[in-house]
Structure formats: C-alpha cells, structure tokens
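First structure 1, then structure 2: two forms of the same chain, each alone, as structure tokens.
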Structure 1
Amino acid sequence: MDNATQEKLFAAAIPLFAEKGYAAVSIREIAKAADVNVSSISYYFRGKEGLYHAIIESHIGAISKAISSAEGLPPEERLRHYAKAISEIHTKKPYVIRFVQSELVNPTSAMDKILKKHLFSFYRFLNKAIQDGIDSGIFRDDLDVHHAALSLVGIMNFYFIAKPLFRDFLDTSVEADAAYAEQAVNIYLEGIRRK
C-alpha cells in the first residue's frame, strides 16, 4: 500500500467493519473516519466490497502465516502451537477473529471468495494433528476427529469474541489473554489424552 489516502481508508475501515459488520457500515462513515473523500473508496479499492475484501485478505493471511510454521512438530505440540498462534494473532490483529466469526455467522461474498480455503486449511491442520495423536497412542482412540478439531477451535476462539462483553468482570490485558489460551489448551489436551 503505497498511498496515504489508501492507508487511511484501510485503517479507518477495519474497526468499523469489525464492530458493526459489512452491511451496517456506510462508505460515507468510513470516508469521514479516514478524513478522506468518499469517492476515494471507489478510486482505490473499486468500491466498498473491494475495500472489505482487501481487509479480510490481509487479516486471514496473517493467521495462515502464524499457523503454517508448525508442520513437523509432534501432535500435541502442533495443537499447542495452534493455540499460541491464535492468542498471539489476537494481540497483533485485534479484529481478525471478529472478521472470521462475523463471516461464519453472517457470510458475505468474502466467505466464498477468500475465507473458505484458509479455514479448510486450518481445519485439515487440526484434523491431521489429532489423527496423528490417536495413531501414536497419546490421544484417546474413541475420539471423533472432526468433532475434536471443532472443539479446539471453539474453546480457543470464543473467549476473544466474548471478551468485550465481560470487560467489567475480566482482566483483559495481553497477559490475561495468554493465560486464557494456556489454561484452555491444557483443559483440552488433558481432556483428549489417553489415560
């Protein structure tokens, strides 16, 4: 991104789309927040959808990068790596999980065009780690692999979605997030481990 206007639009649109959803944000609202003329959105991103897609692309790409480095590790370490990556990515890109979750619940065209292939890739990563763990005898062999994968995704991600709602009861620091991630993955691993 080599232009100031482009960057201002990109930065201003992220929290708006993340907090209100694609349809609930108008391009005039974005332009105002970015202190930029409305037409710049069409000029630089070929419209509202283009801007949204560019944001989604950059955010989901960040997750992919964070997870991909765990390929060779033993099964349990791969799952811990996933958990750590989720918690770290959330401090680096505070809105990424909101975008993903928002698309999961109320999909836009970005789901089919951008997100799906990444999400399936994460899913396969977890599936394989769990299956390898079962095969090598460290995880229970009565597990449904698909369900177990979704369990981990759920336990790792929901916290970051719900957090804003519980900010009165909860410590919301970076350290607290990391502590959550560790306790959650420990509960999960203890729960699937062969006794």
Structure 2
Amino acid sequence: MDNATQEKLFAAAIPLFAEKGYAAVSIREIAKAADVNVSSISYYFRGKEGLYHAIIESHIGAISKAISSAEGLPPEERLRHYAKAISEIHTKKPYVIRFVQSELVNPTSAMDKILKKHLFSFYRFLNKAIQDGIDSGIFRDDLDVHHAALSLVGIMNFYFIAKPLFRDFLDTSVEADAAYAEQAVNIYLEGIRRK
C-alpha cells in the first residue's frame, strides 16, 4: 500500500475483524480506530466488504506467494518449504488463522471470492508434492494423497490455532515457532517416507 490512510485503515481493521468477525465490526468503528474520516473506507476500498477482502487477500496471498517459489524443488523440500512458509506467515501475520477460522464458521463473500481459490491452490501444491514423492519412490505408495495433504495442513495450523492456550506453559517465541515447524515436518516426513 502506498497511502498512509490506507495503511491506517488496514492496521485498525485487521485486529477488529480478527477478534470480532466481519459482521460485528462497523465502518464507523474502523474509521474511529484508524483516526480517519469514515468516507475514506468507501473511497479507498469501496466499503467495508472491500476493505475486508483486501485484508484477506493480503494475508492469504502472502502464503500463496511464499509457497509458489518452491514449485521446482524435490518433493520433500517442497513440503519442508510449505511448513517453513506457514510458520513464518503465522508468526508475521498472527491474525491470519483467525480470519480462516472465522470464514469457516461464518463465511462471508470472501470465502468464495478469495479463500477457496488460495486454499485449493495450497491443497494442489501439497497433493502434487506428495504424489511426486510417491511416483519417485521417496514416499510410501500406500498413502492416500488427499489425507496426507490434509494431515500436514492440520499439523502446521493447529499449533497456531492453539498457541494462545500454550502461552502459560510453552515458549511461544518466534524461535519456538520455527523449531516447532521444523520438528513437525520432520515427524510428518518420517511417517510418509518409504522405509
């Protein structure tokens, strides 16, 4: 974003949408939190829905961009890259998981217009990496590719969903996030490798 007002709106709206959900946040509340005129939301984003869509695209698009650079890597390295990218994005954009959860429970127009497109691309990326690993003899040939992809998604995302609960008894620093991602993908790969 190249405009200070747009940046202020983004910064104010992200925690509001993430904590309250799309429907519970008013444009007046966003404008007040951003300390801007309420009409700026319509001017820059064509309304609350446009602002919400821009935020979702920014957060989920960051994951798409991060994993797209791994397309040519060997299968195991693609899966490692995915795990690392998920960890880094969740660490840099801690509200991303809340947006996804909110959309799963109370879908808005962003589900069909933005989220499904990105989530299906992640799923295809993982499916292809796993299938390529099976085809090349690296991964077990008895794997259900779809279940294996969903397993990795669950392993990587659950940590960030439950992280607020862990704060009292686990290290939840950036370094701990990276260590979790590395250990989780190592355990996962050990389970799918051909013995």
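Rigid core here is just the name for the largest C-alpha set that superposes within 1.5 Å across the two forms. Because the structure is a prediction, the values reported are computed rather than measured. Please note that residue numbering is based on structure 1, beginning with 1 at the start of its sequence.
**Prompt:** Since only one of the two is the form predicted in complex with another copy of the chain, can you say which one?
**Reply:** Pick structure 1 here.
**Prompt:** Looking at the two forms, how many whole degrees does the smaller rigid part turn against the larger between the two structures?
**Reply:** Relative rotation between the two structures amounts to 15 degrees.
**Asked** Core-aligned, what's the Cα displacement of Val105 between the two structures in Å?
**Response** Here the C-alpha difference is 3.3 Å.
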